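A lone chain, given as structure tokens: the form predicted alone.
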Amino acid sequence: MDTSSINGILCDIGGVLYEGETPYPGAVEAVARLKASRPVRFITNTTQKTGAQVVAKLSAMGFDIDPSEVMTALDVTKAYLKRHGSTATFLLTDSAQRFFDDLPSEPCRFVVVGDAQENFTYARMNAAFRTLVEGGELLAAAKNRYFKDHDGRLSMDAGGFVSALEFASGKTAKVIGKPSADFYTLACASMGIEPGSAVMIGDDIESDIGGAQKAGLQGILVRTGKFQPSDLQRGITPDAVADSIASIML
């Protein structure tokens, strides 16, 4: 891949920097090395943690990352709702939903879906469905298929539940996080660069690599996190493949 034109780096977090509560070997040093070479933004589709919570977790692992360098799907979703002066019917975990408590109590023109875990009940799904058929718009904070869970196995993410609401309501979700081109463009703009001069490092062939490439970035796929060998047969060709973030030299 061509590294001469790269002026900024976007990097996924879970599955790239750490697994569970443990950094990957060499990841802390790799982050320091990358930050010394170019501006970096750490972007994540997690809908269970705010940017501040992500930074706190990374700091506890030994990473030197400033809050201004982190962008989460929850942060961008909240900014979107604020711009539209609306609250939403939320399908999130209880702790994630509290992040939105300072929004106005009405109007409610949106449904927001993230990784709600045990809150994906029929009653909550039906409340979201009713908001949609009564005129609401569907926002997918993230639409990932699955993620690598703390036990090292894959777990179902929010994408299937978003698709269920799309099918039932006949509406199409606006995706706020990756692979949304808007999300990538916003992250690049925060570094003062165009997408064409940035590279994305991630473990998700669809949202990290495919999404980044559609937005004009280059993409480096790492063989950690949710990576599976079959990912390389899914019609998306990374600009480079690395064993881990520790082996990436830019």
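Numbering starts at 1 and runs along the sequence shown. Small disclaimer: the values here were computed from a predicted structure and weren't measured.
One more form of this protein exists, namely the form predicted together with another copy of the chain; it is left out here, but the text below deals with it.
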item	value
Contact test in the predicted bound form: D151 vs another copy of the chain, heavy atoms, 4.5 Å	yes
Distance check, K82 to another copy of the chain in the predicted bound form, heavy atom within 4.5 Å	no
Distance check, G136 to another copy of the chain in the predicted bound form, heavy atom within 4.5 Å	no
N144 within 4.5 Å of another copy of the chain in the predicted bound form, heavy atoms	yes
Options 82-90, 67-75, 119-127, 100-108; stretch whose heavy atom lies within 4.5 Å of another copy of the chain in the predicted bound form	119-127
S190, P195 and S197 each touching another copy of the chain in the predicted bound form (heavy atom, 4.5 Å)	no
